[in-house]
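Included below are structure tokens for two forms of one protein chain, each presented in isolation as structure 1 and structure 2.
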Structure 1
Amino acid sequence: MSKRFKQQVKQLRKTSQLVSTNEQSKISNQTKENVRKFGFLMRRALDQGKIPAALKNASQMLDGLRTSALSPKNYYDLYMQVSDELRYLEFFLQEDIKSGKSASKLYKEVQFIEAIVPRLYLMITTGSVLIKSKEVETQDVLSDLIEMCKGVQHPTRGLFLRHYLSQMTKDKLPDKGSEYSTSNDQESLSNSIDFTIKNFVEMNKLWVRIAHQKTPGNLTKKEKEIAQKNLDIERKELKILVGTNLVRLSQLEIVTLEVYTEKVLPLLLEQINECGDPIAQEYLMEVIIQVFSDDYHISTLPSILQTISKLAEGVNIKQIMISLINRLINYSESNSDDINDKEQIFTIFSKGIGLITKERKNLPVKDLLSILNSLIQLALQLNPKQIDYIDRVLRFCYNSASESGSLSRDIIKEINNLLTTPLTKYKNVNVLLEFENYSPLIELLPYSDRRKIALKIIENVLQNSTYIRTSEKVKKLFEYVKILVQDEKDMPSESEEDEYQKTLFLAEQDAVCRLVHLLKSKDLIESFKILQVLAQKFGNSGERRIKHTVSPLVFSSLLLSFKIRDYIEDNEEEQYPLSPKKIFEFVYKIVTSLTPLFPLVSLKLLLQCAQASDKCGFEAICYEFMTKAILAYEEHVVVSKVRFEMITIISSTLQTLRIFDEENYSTLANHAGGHSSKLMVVNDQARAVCLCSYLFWIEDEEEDDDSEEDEEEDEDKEKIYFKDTKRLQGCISRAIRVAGSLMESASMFQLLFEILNVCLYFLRYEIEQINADYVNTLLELIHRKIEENNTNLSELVEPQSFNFYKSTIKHIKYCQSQEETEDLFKQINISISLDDLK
């Protein structure tokens, strides 16, 4: 080392002050250069077998570590370089001892080195060789070294020196089954624990003191702040040196659960508590939680939580608590059976968190909620059936959050998590419905978050196909998701909604509609109660929502009416308090009240109701539904195209009904026919009128199925539900007339072909008016119409229409060839038609 440099180092050591960055890298480079130089000399001396010279070189090399000028990071780099060299030295000395040299003598020799830092590094190196030689008791060497290390009190120098001690002794600590333990009794083994803890305590103190190292005096205030910040960062980088001791402890076999509980942990916690340094406390708690095993934590939870509650102000308690809880969650996931007292764990945590909130008034609400969220996860993991535990935590959350005034985005996020965690864990909303404090917590959230959570709840029900089977539970569910079925004070007005919100609204109503089908009991009376709850909720939800929700409500009701009918049929002796009639009265009120608002939806639903009441055998009610449907048509349907669609649906529905007496049926059929003939568009009119022909010849298929052999004389009478062949023919004739009046020939032919097929349909019923002659007249009409145009049919109509006619004629031919239809069809003369089709 040059004289100038030596002096410089001396100067710096005196002031114990860090120097500026530029200066530091200069010193660092020079020192490293010296380490390289003396390291080289040391190796050469060793290779030549000159041990004293080598030790001298080593001591000179180690002089570099005496500096105070370097930042922890720069010092660390230097240390790494030196320790590489020392490893070489140790290896060489060890070989030397094997060849008969005395290790004790060597250990004594290095103690004559003047400077303390080089002396202690070399004592540790030779001490390690001495332990390996087994010339003396391991514990004697260890206690000697740990005592001697007290001589260095400079934070950085001391910390690295002790780290070197720790590294060099890690494989030599007396432990169960270790080759360096001379006796196996607990007391002598516990020396390893004492040694490690002592080293840990001292290292921690030194580490904490780094924070108080002075920064260069010539800096401005701002520069000083930056320097301090950098120091903190570099200090954090050194934390692993301290933490290694705890890892060592956790690896010792002799640290049994008992030893840990009685001795190790109290000492560690005492040190954490005493040091009062936030960075150290936070880090060390984290290390304890991570390195010791879970069952150790379970046994010592109260004292850990006690310590956490007393940690310094700047410590991130949230992170520590979550780490601790997460460890237990992971543990109980795989070792659930090993945990004896699960409730105890929860209680200890509850108390611990209570204590923390008491001791730390400044704990941010968002952090508290975050901790509680982990606690809920733990409770769900330990015993998901203990609903009251989770509910209590939710209560606590509610209280904490509601006391904090307006909620920050962080707190809102935590509340969302608190609500979602049990939802996704249980996958069964019924459990959620047992909570008392779930909906109050939802209510704390702002509008858009309430919407999101409500949709999430329903989506969860749908994804898991969870049935909700009582009206009380349904009521409770609608407390949770009420935002989807009612206007809220804080909602934006409809005109403010953007595209996204409009889509969202539809998605929400869609979800509510789907939900309805999962709200049903096996008990039909209860099911009806559920529907009444829904009717009440939906009824007050406003037009915009009712438009969507009325349909599933009505369909669920109609399904229930069938179930009630079946139940009563199967249990005739029982006086059942509910009749399908009640259901029909219930839906009648709902649907008819909506007719002016949503005529088309309402009309279609009325027809559905008519069908159901027909099946359940309620004539008057069915008649009422049909009347209301026709009235809805008359009063509210104005668009021509829609009128056609609606009247055909009315007619085709009426065609399926079998409950009416002749008079009622006839009245309804007349109305359907009358409205059909009033349609404005001729095409529509012809088709609708033609369709009405089916209303006047209706076979009762069900009766037919049941007829017994001995009732044969009645069979004919029973088979027919309604017939009025005159009006049937009237419909077809009118359709032909209307079609024939069409100016546009392609449409006209298409219609005539359709009507022809209807005639062929009725042919099998041997109706007086619709017979082969009637068909022949129609075929002639078609022929005449073609002739009038002076061209071929294929020129007049689309190919598909042409093929339609062709296959109709082919069908006639086919029927003429079949035994069962031969008689009815043989009189039809298709020869002119076959000509037309050429």
Structure 2
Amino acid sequence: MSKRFKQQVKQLRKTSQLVSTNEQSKISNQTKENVRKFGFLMRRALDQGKIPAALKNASQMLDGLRTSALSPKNYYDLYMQVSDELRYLEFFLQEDIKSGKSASKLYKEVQFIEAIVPRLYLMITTGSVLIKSKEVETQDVLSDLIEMCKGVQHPTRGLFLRHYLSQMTKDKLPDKGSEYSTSNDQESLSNSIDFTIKNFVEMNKLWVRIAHQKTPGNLTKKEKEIAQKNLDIERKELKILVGTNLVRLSQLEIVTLEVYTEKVLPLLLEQINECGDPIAQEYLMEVIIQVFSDDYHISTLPSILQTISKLAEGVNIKQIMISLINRLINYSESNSDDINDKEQIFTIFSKGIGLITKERKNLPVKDLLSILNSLIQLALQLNPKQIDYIDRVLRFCYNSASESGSLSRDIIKEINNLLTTPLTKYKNVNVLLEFENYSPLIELLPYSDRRKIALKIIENVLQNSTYIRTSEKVKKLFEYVKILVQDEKDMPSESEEDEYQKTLFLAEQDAVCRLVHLLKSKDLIESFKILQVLAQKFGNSGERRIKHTVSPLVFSSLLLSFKIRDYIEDNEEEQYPLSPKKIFEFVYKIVTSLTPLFPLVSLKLLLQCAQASDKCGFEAICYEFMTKAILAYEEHVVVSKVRFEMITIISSTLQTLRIFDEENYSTLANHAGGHSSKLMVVNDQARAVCLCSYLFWIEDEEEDDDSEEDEEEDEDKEKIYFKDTKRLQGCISRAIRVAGSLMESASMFQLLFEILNVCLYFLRYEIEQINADYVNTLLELIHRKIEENNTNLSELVEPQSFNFYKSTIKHIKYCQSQEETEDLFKQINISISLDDLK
């Protein structure tokens, strides 16, 4: 070592003040070079069998660890380099002792080294060799070393020295079944615990004192703050040195639950309380939670929670509590049967959290809510059937959040997590509906978050196909999701919504609509009560929502009417208090009230109701629904294209009804035909009038013949429910006349082709007015129109229409060739061949 360097190191030992970064780098490099130099000389001396010379070189190599000028990080790098050399020394000495040399003598020789730091490192090294040689009691060596280490009180030097002691003795501590135990009595074995705890206590004190090392005096205030901050960061990086003692302590078999409860934990918690350093307290609590057994924690929960409540300001209480709770959650998942008093665990935690909030008035609400969310997860894991646990936590959350005033985004996030946790766990909203404090907690959230939670609840119901069976539960459910079915004071106006918000609104309403079909009871009367609740909720939902939600409500009601009808038919003797008629009256009020707002939706629903009442056998009710549908068409449908679509639907629905007598049916059919003939667009008028022809020739779907003889007689005869051949011909003739008046050839021919197919349909029924001559007249009209245009048909119409007509001609020829249809079709004169159509 150079003379100048020796003088610099000597000067630095006189102060605990750290030097600047550049100076540290210089000193670190010089010290490491010194380690390499004397480490080499030590190895060479060992190889030559010169033990005294090797120990002298080792002492000079260790001299660099006496410095006070290096930061913890730089000192750590130096320590690791020295440790590698000392391990080589230990290995060589162990081999040398096997040859018959005395380990005790070697242990005594190193005690005469002048400098204390090198002396103690070499005492620990030779002490390890001495323990392995078993020349003396292990406990005697350990006691000597733990006492001698008190001679180094500089925080960095002392911390690393004791860490070296811990590493060199960790596999040599007396324990049950250990080769270093000369006695198995509890008092002797407990000395290992005392040794480890003493070393831990001293190391923790030294670690805490690192924070109080002075920064260079020539720095500005800001530079000092930065230096201190960097020192704290480096200090945190050294925490594992302290934690290794607790890890080793947890591995000792002699640390039973009783020993841990009565001796180990009280000493550890006492040291944590006494040190008062936030960094140390937080880390040590984390280590205790992670390294000791879960069943140990369960038995000592009150002590741990009480200590947590008294930790210094600046300690991350949230992280410690969540770590502890998560450990118990994981333990409960795999060892649920081993936990005897699960309710007691929840109660202890509840009291502990209450104590924490009492002792730490400034505990951030967001941290408290995070802890409570973990507590809910624990309660769900311990006993998910005890919903009172979760409800108590939710009440605590509500009180804490509401008392905090305005909610920050962090608090809102935690409330969202609290609400989502039981929803995700149970996968059954029926359980959620038993909470008394769930809905109030939702109300604390801003509009956008309430909206998300409500949608999650509905999606949970849908994904798990959860049926809500009572009207009271349905009311409770809509308290949770009311933001999706009614306007809120804090909701933005529709004009303020962007495209995403509008799309989201439609998705929400779609979810609500699908939800309706899961709200029903096995009891039909209760199902009707549920529908009444829905009608009340949707009735107050506003125009924007009701056009979406009313349809599933109506369809659910119609389905209920069928169930009631079937029940009454199967139980004729029973006087059932609910009838399908009452359901139709209920639906009638809903749908007719919708007509002024959304006539098209109302019209379609009225037609659905007409079909349902037809199936249930209520002629008067069915007639009323059809009348209201036609009135809605007359009064509210004004757009031409929509009028065509609606009159087509009305006509199609009327064709399916079988409940009416001839007079009522004729009245409705005439109205439908009349409105078809009044359409303004000629194409639509011709097509609609033609389709109305089907209204005047309706096949009966019901079988009225009772006897087998009658069935045989009428086997081949079509059964007609309603016929008015004169009106039928009138519709077709008017359609031909209107179509023929079109100026645009493509549209005219397309309509004439469609009318031709309608005529071919009725030809099979041997209707006097719609016979082969009538079809021939229409074909002649088509061919004449083709000739008038003086060109090929393929050039007059679209390819689709052209192929349609060709297929029709082929069909006529096919029917003429078949025995069962030959008589009906043979009189049709096809004056144009398929080749002529090209």
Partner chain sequence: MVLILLIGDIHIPQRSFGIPEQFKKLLVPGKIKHVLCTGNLTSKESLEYLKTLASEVHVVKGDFDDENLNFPETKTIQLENFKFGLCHGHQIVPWGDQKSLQVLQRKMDVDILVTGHTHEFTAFQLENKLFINPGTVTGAYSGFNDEIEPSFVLMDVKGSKIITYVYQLKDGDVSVEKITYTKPSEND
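Here, a residue number simply tells you its place in the sequence of structure 1, counted from 1. Rigid core: the largest C-alpha set superposing within 1.5 Å between the two forms. A quick note: this is a predicted structure, and the numbers were derived from the prediction, not measured.
Between the two isolated copies of the chain, the form predicted alone corresponds to structure 2. This chain moves as two rigid pieces, and the smaller piece turns through 8° between structures 1 and 2. Summarising the core-aligned comparison between structures 1 and 2, the C-alpha atom of Val681 is found to shift 4.1 Å.
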